[in-house]
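One chain comes next, on its own, written out as structure tokens in the form predicted on its own.
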Amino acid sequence: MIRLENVSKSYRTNSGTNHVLRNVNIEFPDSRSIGILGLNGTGKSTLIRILGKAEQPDSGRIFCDTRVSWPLGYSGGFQNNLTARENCKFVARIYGESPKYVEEFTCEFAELGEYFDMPMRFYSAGMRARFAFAVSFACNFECYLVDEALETGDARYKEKFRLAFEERRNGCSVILVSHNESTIRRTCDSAAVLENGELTLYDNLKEAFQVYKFLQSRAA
């Protein structure tokens, strides 16, 4: 279970303050896959980073009694001066996993070849994303955070990632941001809509999409 109590987050912009989250109170239940819907710029990625502790809220509290991944594809927490192999060992120690298993799984899944033993500062964005996906799958998380990651990469790797993700999410919960309606319908049981800093959870996907499509039509 992940619960947000009075969580707020805002940014200063040239046009004023952008309130991404306004005193949000919501509970994400265990063993459910939940999609996050919202127009561009509403703060969906910020929400995912806050849930994954990659970013802190301005105020409020987050309660979590489950093992949550960092956002899949997010590589901001890795050390650029270390190799992928060294980063694997670092991640394994933090999450109490077997360094040997994490290293071997990531090496095979990421398909980085000789770059696996080169500092990550030499990686392209795609290589960093593949590493981030692979090392997250090597850890035993109970809840996976996904920010558009299912649409990343070439067709072959995208399918490889999708199959691995489907295997991992059996018995786990997922919180997924995606602009692809079919991805959310295929992956999620319910959805939440983020608008003007307010996050509303709908048990019924149909109802969530009705609200989302209304927001889209109003913004067109």
Partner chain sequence: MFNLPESVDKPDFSLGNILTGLKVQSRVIYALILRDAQTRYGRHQLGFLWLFIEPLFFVLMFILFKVYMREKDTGGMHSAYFMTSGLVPFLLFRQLMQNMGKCIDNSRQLLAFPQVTTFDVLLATIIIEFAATLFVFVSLVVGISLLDVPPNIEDPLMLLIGIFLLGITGAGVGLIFGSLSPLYPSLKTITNPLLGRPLFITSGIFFSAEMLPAGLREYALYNPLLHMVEIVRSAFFIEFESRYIDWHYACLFALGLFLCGLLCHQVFRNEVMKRG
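Since we're looking at a predicted model, the values are computed, not measured. Here, rigid core means the biggest group of C-alpha atoms that superpose within 1.5 Å across both forms. Positions refer to the first chain, counted from 1.
Just so you know, the form predicted in complex with its partner chain exists too; it's not on screen, but the next bit is about it.
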{"property": "Option touching its partner chain, based on a heavy atom within 4.5 Å in the predicted bound form, out of E181, E195, E27, D189", "result": "E27"}
{"property": "Interface membership of F90, its partner chain in the predicted bound form, 4.5 Å heavy atom rule", "result": "yes"}
{"property": "Close approach of A125 to its partner chain in the predicted bound form, 4.5 Å, heavy atom", "result": "no"}
{"property": "Exercise: G52 in contact with its partner chain in the predicted bound form, heavy atom 4.5 Å", "result": "yes"}
{"property": "Residue contact check: Y95 to its partner chain in the predicted bound form, 4.5 Å heavy atom", "result": "yes"}
{"property": "Its partner chain in the predicted bound form: contacting segment from 63 to 71, 159 to 167, 173 to 181, 37 to 45, heavy atom within 4.5 Å", "result": "63 to 71"}
{"property": "Residues of stretch 5 to 20 in contact with its partner chain in the predicted bound form (4.5 Å, non-hydrogen atom)", "result": "E5"}
{"property": "Large Cα move at F141 between the shown form and the other one, threshold 2 Å, rigid core", "result": "no"}
{"property": "Large Cα move at E97 between the shown form and the other one, threshold 2 Å, rigid core", "result": "no"}
